[in-house]
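So this first bit is one chain, no partners, the form predicted alone, shown in structure tokens.
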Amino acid sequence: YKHRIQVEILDAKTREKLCFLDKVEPQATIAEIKNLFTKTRESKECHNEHDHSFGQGPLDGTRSCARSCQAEGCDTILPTDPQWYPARQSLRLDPKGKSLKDEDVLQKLPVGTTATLYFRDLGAQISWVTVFLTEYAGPLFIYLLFYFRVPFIYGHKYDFTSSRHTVVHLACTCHSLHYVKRLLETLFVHRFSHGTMPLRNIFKNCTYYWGFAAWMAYYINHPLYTPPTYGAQQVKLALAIFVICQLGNFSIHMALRDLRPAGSKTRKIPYPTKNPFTWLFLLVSCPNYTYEVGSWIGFAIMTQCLPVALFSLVGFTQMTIWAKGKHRSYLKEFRDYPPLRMPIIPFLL
């Protein structure tokens, strides 16, 4: 046991001892420690009063104090908290520091024979896939309600009537295909580095996507809607922008998928492939965001609708924040990262 490590887990806010794991294998990962913490916690009194012996194996040395004390008749243990499942745990070396990654190995962290980890509860979690499917299915369904002019939206005389403008039908097709694409990518293309996100995010995200979808659909499908100023030429140009950017966005997603093997969290520098749509990687770190913003700019030009323009602006603002964060992450992680790249807009931003 001389090479094993003792791990104590403290509450990051109160410094209360939540759990003590004795003789943990140095090769144990943070994910494995989280799993053990989920199963058991011990009181400080229990640890001080009892000496525990453990079995063999990479995780046998982490048998819980709670179980050991139960065997010895200790009645001072803290009960297991089933709400603290691994996905909602944040373990860190400093109470106010960054969360350790699940794949971090104990012996590679700056700890001695006793490692002190600080716990923060991330709150109830929900899978990324569930969030994405919910936030993308909503706009698809909501937009169609306005397109088919179901009752109680535009007045009785317009119930289930159809617009006489071709651009309205084209806009519905583009909007629907965009969200069908997103749903299919969520199911079959995207590989998520984190399995879950806070449950509260689904309400925030759905409010954003569903609300904007209803707002833009109301005006685009309104009986009094007027087509774009420059008519068919404006619509054709906008459609070309929309289609090119959608193809570009899909190409980038496929390139990023091929960069990360299934079940892996390995990060690599993304480079252009033979697909011309991926050549934007030469100039920006997150061309998927560039293409996404371009798609909505095209849709705004096509419909000449203010809510669509505002949705594009808000989306661009958020994606710029994400792109800058990812760009900084790339620069920090890879010393040979291409210096010419900008986060989202070539040469500018």
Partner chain sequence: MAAAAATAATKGNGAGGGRVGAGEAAGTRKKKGPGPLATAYLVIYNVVMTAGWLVIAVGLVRAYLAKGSYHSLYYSIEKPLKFFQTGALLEILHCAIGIVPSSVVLTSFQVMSRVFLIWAVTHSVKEVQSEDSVLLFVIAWTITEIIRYSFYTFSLLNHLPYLIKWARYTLFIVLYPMGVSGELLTIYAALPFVRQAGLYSISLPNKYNFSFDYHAFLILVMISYIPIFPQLYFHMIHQRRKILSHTEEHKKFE
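The shown structure was predicted, so the numbers you read here are calculated from the model rather than taken from an experiment. Positions refer to the first chain, counted from 1.
What comes next is about the form predicted in complex with the partner chain, which is not displayed.
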Given the partner chain in the predicted bound form, answer whether the residues M197, N205 and Q304 all have a heavy atom inside 4.5 Å of it. yes
Heavy atom within 4.5 Å of the partner chain in the predicted bound form: which of Y85, W210, F250, Y219 fits that? Just give me the one. Y219
Identify, from the list Y225, Y158, W279, F148, the residue with a heavy atom within 4.5 Å of the partner chain in the predicted bound form. Y225
K96: touches the partner chain in the predicted bound form, heavy atom cutoff 4.5 angstroms: yes
Going by a heavy atom distance of 4.5 Å, is Q27 a contact of the partner chain in the predicted bound form? no
Is the gap between N201 and the partner chain in the predicted bound form 4.5 Å or less for some heavy atom pair? yes
Quick one: is T273 in contact with the partner chain in the predicted bound form, heavy atoms, 4.5 Å cut-off? no
Counting only heavy atoms and a 4.5 Å cutoff, which of 138 to 146, 171 to 179, 238 to 246, 118 to 126 contacts the partner chain in the predicted bound form? 118 to 126
